[in-house]
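Let's start with one chain on its own, the form predicted alone, as C-alpha cells.
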Amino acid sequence: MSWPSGFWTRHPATVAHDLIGWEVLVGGVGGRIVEIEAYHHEDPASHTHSGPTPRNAAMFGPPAHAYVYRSYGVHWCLNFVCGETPGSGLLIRALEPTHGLDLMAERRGRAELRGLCSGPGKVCQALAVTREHNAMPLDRAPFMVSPGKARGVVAGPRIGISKAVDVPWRFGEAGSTFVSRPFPKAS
C-alpha cells in the first residue's frame, strides 16, 4: 500500500481528520472509518504521556503500525501509530461495515449492521483484532488501509476519558449512523 508522502508523520489530529472515510480491513474483513480519536504524546489523556512502558511500546515505534491494548481488561482496542514525534496515535472508534459482513456478524453474535462496529471494542471483535496484531505494520497483511473519501467531517470532545475531556479530537463522518455515539450539534 502506498500512502501520500509524510501522511503518517503529521500531528495526530490532522491525520485523524484525514482518515475519515478511509477503508481498514484485517484479513479482508472491515469497512470505512467513520469515527476516530487522536492522542498526542503530550496529551494527558494519552497512554504515552508518562513515557514508554511494555504496554505502550508500539506507540514509540514507527508510524503506520498498530497499537493494540486491552481496555478495562475486557475489550481489545485498535490504534494507528502516527505523529511527527514518537508516542502519538489514533483510536479507531467505529467503522461502517462493508467487507465480511457475515463473518463480522458471527464474531459479534449479532446481525444488525449498525451495531457490528459502533465502538472500539466492537471493531476489534468484528475484525478479530487481538494483542497478536500489536506493532504490526499497516501496509502489510493482515492489514489493508486504503484512502477513501468522507461525506463531510465533524469534530467533538473525546469519549470515555477523565483528562483533557474538552479537547475536540474526536472526528467522525457527518451524518453517519455507524458512529459509537452521536456528535454534539453545532450551536
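The shown structure was predicted, so the numbers you read here are calculated from the model rather than taken from an experiment. All residue numbers are counted from 1 along the displayed sequence.
Below: the form predicted in complex with the DNA, not depicted.
Among Arg32, His133, Lys122, His65, which has at least one heavy atom within 4.5 Å of the DNA in the predicted bound form? By the 4.5 Å heavy-atom cutoff, the listed residue in contact is Lys122.
Closest heavy atom of Phe60 to the DNA in the predicted bound form, within 4.5 Å or not? No.
Closest heavy atom of Cys82 to the DNA in the predicted bound form, within 4.5 Å or not? Taking the distances in the predicted bound form, the answer for Cys82 is no, it never comes within 4.5 Å of the DNA.
My question is simply whether Arg108 lines the interface with the DNA in the predicted bound form - judged by any non-hydrogen atom within 4.5 Å. Looking in the predicted bound form, residue contacts with the DNA include Arg108, since a heavy atom lies within 4.5 Å.
Report yes if any heavy atom of Gly160 sits within 4.5 Å of a heavy atom of the DNA in the predicted bound form; otherwise report no. Close contact exists here: in the predicted bound form, Gly160 approaches the DNA to within 4.5 Å, heavy atoms only.
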